[in-house]
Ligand code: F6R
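Form predicted alone, single chain, as structure tokens, below.
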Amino acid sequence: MCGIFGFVSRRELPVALVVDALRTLEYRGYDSWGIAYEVPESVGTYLAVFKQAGRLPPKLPPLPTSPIALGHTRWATHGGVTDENAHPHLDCTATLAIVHNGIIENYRPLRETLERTGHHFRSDTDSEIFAHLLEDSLERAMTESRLSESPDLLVEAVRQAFAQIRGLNAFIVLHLPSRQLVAVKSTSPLVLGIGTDGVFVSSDAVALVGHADRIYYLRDDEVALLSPDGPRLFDRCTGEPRQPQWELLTLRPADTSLGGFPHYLIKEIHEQPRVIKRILRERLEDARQLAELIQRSYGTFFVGCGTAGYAALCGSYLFSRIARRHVNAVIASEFKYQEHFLTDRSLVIALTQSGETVDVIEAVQAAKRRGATVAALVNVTGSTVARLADFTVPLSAGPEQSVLSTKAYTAKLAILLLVAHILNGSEHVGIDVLWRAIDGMEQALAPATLDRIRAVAEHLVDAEHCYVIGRGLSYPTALEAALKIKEVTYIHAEGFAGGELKHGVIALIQDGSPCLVFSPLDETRPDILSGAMEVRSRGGWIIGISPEPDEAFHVHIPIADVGDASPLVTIVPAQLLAYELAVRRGLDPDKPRNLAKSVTVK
């Protein structure tokens, strides 16, 4: 989940560009940060390391230029949030620096062995172990070859050190004597970039915008050696040279800027209608091909985590309702406990924004081991899930830099609704209802609706608990709305199926308890309104999100009636409410505590 970045160049570049890249990557973790770079001296060069706990400060003292540097922004796993545990980490000679994303699962026995052989550790992290393993491997390789500065020796040392660790990991290594970087990974992402100023490597392509023209997603079975003369690739198992297939970096600076908004979260909420338009323009043929795969399958499964898991659950309702087809929606982290009934006729559809979520990757790998076909709805086309899948539908949502997922969620729903209609033979209806949803989302983002949501936020700003109910298509929306509120406001929010109120949940209601009620104009309306009235009669304060008002509502937030596309529209007021609450509570909407965007560790 951590963000890592490095560069090497024939000329000196500002070290500050590493800091800027870390700001772009900070959604991957912001417990601590650090940089390392070469500093020339009259008697020889040395590695300067600056790191500290906490988020990157808005301003830093002036930084020098350097031909080589790397940096890291951390989501803590092993070791507390301290300056010492921040990355980069050095070996005993202070000529090797490493940054790491992942977890070394066998770190304890490795550390014990290294300490017995005289290595001195400065941190409590598992990450530092790799610097010392590499130190030993490099010393051994140099002794055996009697060559001190062979680039291939550095690659060989990294290969040997990486072979000793267990887990899903990505490293960038800076070797001061040869002025080179080495990148190596297993599942955790790394992207190489080539630009006019040098060679770059990052855990996400968004940090390469403005620096690289061409990119390459490093494979698990490769090691990359980055030198001022350019990158070289090697097979991680054999050490044989590889030839990468570079692709153009299509992202532009405008894709990653705030665009006049105060936070990425509110910017991305407002981008949702445009994303659905893009899907209708660009992804119709992909939706048709996915429908063909589903038609040929014998057993279809949606898998996803968090927000993507709720999109999967909503998809199961859409497929039942529109396509008259049963689809199993499974939380990706639980999928490996239910994989036993997969066959070579099964189809597993992975839903993921980043394509790097480790639980989704493991679900995909389990499916492939059993011969199932894998499709993916994924936002990052070069990601691990995209490469593993037999067929991929890009979400076309653009970079999502707030930790909270919004536009990727509605993109998944739009594609699933379209596919359901294609399976039903009513593609034209699916297209029409999505255009209606676009209009409805724009109405939900209009000033009049925003004013009502802000008034609700003022009322709820000091709330400790919040409940959200829905039925049918609105049940997954209730779960997603509650997730958005608790993710970014830290208010305890729970989503429930409306029919479950009398089976225990209503015991939580007391005088003043806020309750969001999703009530589209469908067959669920009479029952959900009945439940809302029961909550109100016990003192609950009811916020109704519905095309029409009702006596059960204390506050009515009007939305458009868009039929089966209601989940795309009803979620927008809940996203806006979560944002407005976070702002009023003095919280950072883009970087909620303890969370990171791309969950690449278990």
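Residue numbers here begin at 1 and follow the sequence given. The structure presented is a predicted model; accordingly, all values stated were derived computationally and were not measured.
Below: the form predicted in complex with this ligand, not depicted.
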According to a 4.5 angstroms non-hydrogen atom cut-off, is E487 in contact with this ligand in the model of the complex? yes
Given that the partner is absent here, does R74 sit within 4.5 Å of this ligand in the model of the complex, heavy atoms only? no
Contact with this ligand in the model of the complex for S354, defined as at least one heavy atom pair within 4.5 Å: yes or no? yes
Looking at the partner-bound form in the model of the complex, is S405 within 4.5 Å of this ligand by any heavy atom? yes
Identify, from the list G102, P189, G306, P476, the residue with a heavy atom within 4.5 Å of this ligand in the model of the complex. G306
Contact with this ligand in the model of the complex, heavy atom within 4.5 Å, among L483, V275, L154, L226 goes to L483
Partner absent here, but in the model of the complex, which of 499-507, 237-245, 354-362, 448-456 has residues with a heavy atom within 4.5 Å of this ligand? 354-362
